[in-house]
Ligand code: HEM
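In structure tokens, one chain follows: the form predicted alone.
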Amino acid sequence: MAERGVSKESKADRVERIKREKDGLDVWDDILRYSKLGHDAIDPEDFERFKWYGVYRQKPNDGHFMVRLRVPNGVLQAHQLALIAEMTDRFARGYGDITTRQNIQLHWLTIEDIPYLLSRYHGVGLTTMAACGDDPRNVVGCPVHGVDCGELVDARPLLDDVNRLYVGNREFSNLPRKFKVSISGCGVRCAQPEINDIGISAVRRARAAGDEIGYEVAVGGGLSTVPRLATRLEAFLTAEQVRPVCGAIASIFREYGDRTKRTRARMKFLVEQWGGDRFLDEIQDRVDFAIDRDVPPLPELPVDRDHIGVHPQRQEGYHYVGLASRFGRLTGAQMRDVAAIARELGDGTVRLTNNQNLIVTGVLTANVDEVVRRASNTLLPADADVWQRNFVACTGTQFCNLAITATKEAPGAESPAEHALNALQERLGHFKEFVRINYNGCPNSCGQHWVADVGLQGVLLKAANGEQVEGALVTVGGGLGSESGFGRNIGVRLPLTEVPEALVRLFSAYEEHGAEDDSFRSWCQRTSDEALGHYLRGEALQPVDAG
């Protein structure tokens, strides 16, 4: 450990020093040593390095940890999910979480448990390396690559190649901050390139000799407290050019990203400062081919891009079946059931989505009904209503050190998210329009509230009696796609106990006052903050539609 100076270190300086003194990739031997010595022996600075192996301290920092898998493209084999189920029951009190980056994370691990857990993961081809920390995080993609009828190209080989470039590579193991990459050939761009540091998306370009498929590049997207949509570069890449461009972008971030302030260290701030043209010129200087600057216009993209339900595959006679969880929280029994369904009735593959759901692929047409029946029996319906399939929630104060309000609890337990979902299902079960509700326990947006039709951001409020209560700031009208935009803060903050009824009132008002050609999002965009506030609060004053 370096000798401390007289002046107090900033948070950024402390983290940068910790990374300089020992690469996070080198902490494995320390994890093994601490597992024998116990939690009290852990050097506090090694908690930071643990993140490079997917290990975070769990609130209230009393000796338990969260361990996050790295699952490229969200693809698991049935035997891998079965092993995760076994570990969930053994170490994690019977449940875990699907994340918005297509991973699975478990809680309640102790330092003594971690080496055994990671060795069992390794034994079935799973890793936690670079699932957290200042390095390239899990590379996400379309969960139905290779099977979806609407995809432009199967981009799995490119995604896997870029993942191999990043994981365990010391060129990229000390970046200024986390670094998120999306690579997809999906026709509807479900992998959210708009909010990643790098978004690689397949695109069709018309040519006299016939259409050609290549890849466009967007850079500098991200959420947190300062959301930014990625800048679409004037670049059209061949498949062979994707890996070197991804390497070049990561190296630019490594060298030019801000290491002096953690809140300004993400690559989005560098892109904002430089602009797309300068950033692209810097990429060009680092690759040995001329980048084609002729990129076609952005295609029209649908709002619905979650792949839930029963869908025919490109392979004749087969279907994939998307199953809706409740906020991504799965029991070990559910994991085991889905693994069995995939093994017995599918192609042995389970895919995780960024909406915290699951997909079973390779299901013969004759087996579809049985898959749907068995999934429904394990409370993962393929025919879920619009509310369950699109309700995303972070872990909240139950586990997260950054959260300031509760979101979800153990499966079956009461929680703010459960109360809201139950109210919508019971009162508005007939509602069919595709909408997203994203619930975040703090401003940092792991739950992606900025890009939801209705976003709920945890805040603390003062009640009439002076006591502090947990609440939610409401944003409306966010979304990704052809007209990407962030949710609008309409100045409404509600106690969590009032959120369920407020959501019911808001969506009921849309049904009553929206025009025939209005989507919920477009209705919110043309309705005043005052009117939306009245709907949410249930006030007697009759609002006037701004349209």
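Keep in mind that what you see is a predicted model, and the values were worked out from it rather than measured. In case it trips you up, residue 1 is the first one in the sequence shown, and so on.
There is another form of this protein, the form predicted together with protoporphyrin IX containing FE, and it is not shown here; the text below is about that form.
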| query | finding |
| --- | --- |
| Shown-form site status with respect to protoporphyrin IX containing FE as positioned in the predicted bound form after superposition (2.4 Å backbone/C-beta criterion, 3+ atoms) | open |
| Candidate from Gly146, Gly346, Gly222, Gly214 lying within 4.5 Å of protoporphyrin IX containing FE in the predicted bound form - any heavy atom | Gly222 |
| Sole residue of Leu402, Ile291, Leu364, Ala340 within 4.5 Å of protoporphyrin IX containing FE in the predicted bound form, by heavy atom | Leu402 |
| Contact flag, Thr100 vs protoporphyrin IX containing FE in the predicted bound form, heavy atom cut 4.5 Å | yes |
| Proximity of Cys446 to protoporphyrin IX containing FE in the predicted bound form, heavy atoms at 4.5 Å | yes |
| Met66, heavy atom within 4.5 angstroms of protoporphyrin IX containing FE in the predicted bound form | yes |
| Contact flag, Phe520 vs protoporphyrin IX containing FE in the predicted bound form, heavy atom cut 4.5 Å | no |
| Contact stretch among 120-128, 380-388, 222-230, 305-313 - heavy atom within 4.5 Å of protoporphyrin IX containing FE in the predicted bound form | 222-230 |
| Contact test, all of Tyr56, Ile195 and Gln356, partner protoporphyrin IX containing FE in the predicted bound form, heavy atom 4.5 Å | yes |
| Neighbours of protoporphyrin IX containing FE in the predicted bound form among 159-181 [non-hydrogen atom within 4.5 angstroms] | Arg177, Lys178, Lys180 |
